[in-house]
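Below sits a lone chain in structure tokens, taken as the form predicted alone.
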């Protein structure tokens, strides 16, 4: 297998940082303590990263704790100005950052560029939101008392991010933490650490002080995660990933009673009613289902279509899906890139095989294209039933199953029949239906006639086993702050 040199494919060579980052220094390890990063489109090695462990984790925690004492004392405006510099540098380097992301994640270059813009929006938003962390003045119950509240940074924060949005999930956590006055330790997904290190290099260039941001990389995340959860100095854990791992992190954080926020698995329903505008519903379904090859936590996983429109909608959806081009992310015509790894591919195949065995019909797709590798054709299944595995499990791939339903109450029950509750989608022209279903869906976010709902200005998060807490908006800022109550007495 030939080694691929990523530095030959970007203009700003300093953005290629195959290292960890602790206390303002880039950290490599001796030979033999490294792991390979692959391009999922070609299966070629693009970098080797140091395999960090408990020693490096303890060093990062110590460094972050020392830096926290100084960082929290900076004014909100001082932190804002540094974040603004970081934001500007991210946008100035959007082309190279997009190349790095497509190389390690596989998503089409146009999607990578869109993600960098999305990632930068969190730095932009929280740079200003940090100046608005207001307390309150509360009317006292006694004449000689005065009651106020203030907000203070929670402390050293550990941020564990996934591979599917390797830039946006960094900034969505780091930006509010830094704006609040916290120092951070980042553990990116083992498949996509280069986007994280590139962003951190730009933060370093922007002037973020040493120790305020630290990066730990490893192919085996367990020792690092355990130390971050069990170390008393770390006061906050923020994780985006699977529900199974999230539960472990919550359990491991319990002894030190850390503040936690968890954005976990999803099983999103997308509901199309008889009165929906079919063109809009299809367009938004495509955006929701097939973005990043179906590998997003808010992808429509179960598509419920009312009887009266089922045939029309399914045919219209399949016609549009037929226009998608599967290919390498650097081909400008590509709409669907590869899946991230072989386990992701096998899961799609397992869900499809189970559905077909139980009576589902393949309307389009249903196999790997001639490209082979980790590619899979965008697929639409009809006549799907609740006894199929894909009803209960999140597929995380380009597989769209279409369920039939008769009325509002039936589809609400079907949609809520899951342990997860991250995002849901509704398509209808009836305002009463939109309100009723939105209120009764047991999900943290609902898109009405829209398949895309993520934005820095709105709270992102789920209920049930989809998570705890919110990211983005003012709520995302509060995740990194504690409220302190001050009572002044004997004021006459």
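Being a predicted model, the structure only gives us computed values, none of them experimental. Numbering follows the first chain given and starts at 1.
Unshown form predicted together with a small molecule; subsequent notes refer to it.
This chain lacks the partner; the member of 399, 249, 276, 303 within 4.5 angstroms of the small molecule in the model of the complex by a non-hydrogen atom is 249. A single residue from the set 342, 233, 242, 255 has any heavy atom within 4.5 angstroms of the small molecule in the model of the complex; that residue is 242.
In the model of the complex, the small molecule sits within 4.5 Å of a heavy atom belonging to residue 219. Among residues of the shown chain, residue 327 is not one whose heavy atoms approach the small molecule to within 4.5 Å in the model of the complex. Using a 4.5 angstroms threshold between heavy atoms, residue 157 stays clear of the small molecule in the model of the complex. Within 4.5 Å of some heavy atom of the small molecule in the model of the complex lies at least one heavy atom of residue 172. Note that among 378-386, 305-313, 102-110, 164-172, the stretch whose heavy atoms approach the small molecule to within 4.5 Å in the model of the complex is 164-172.
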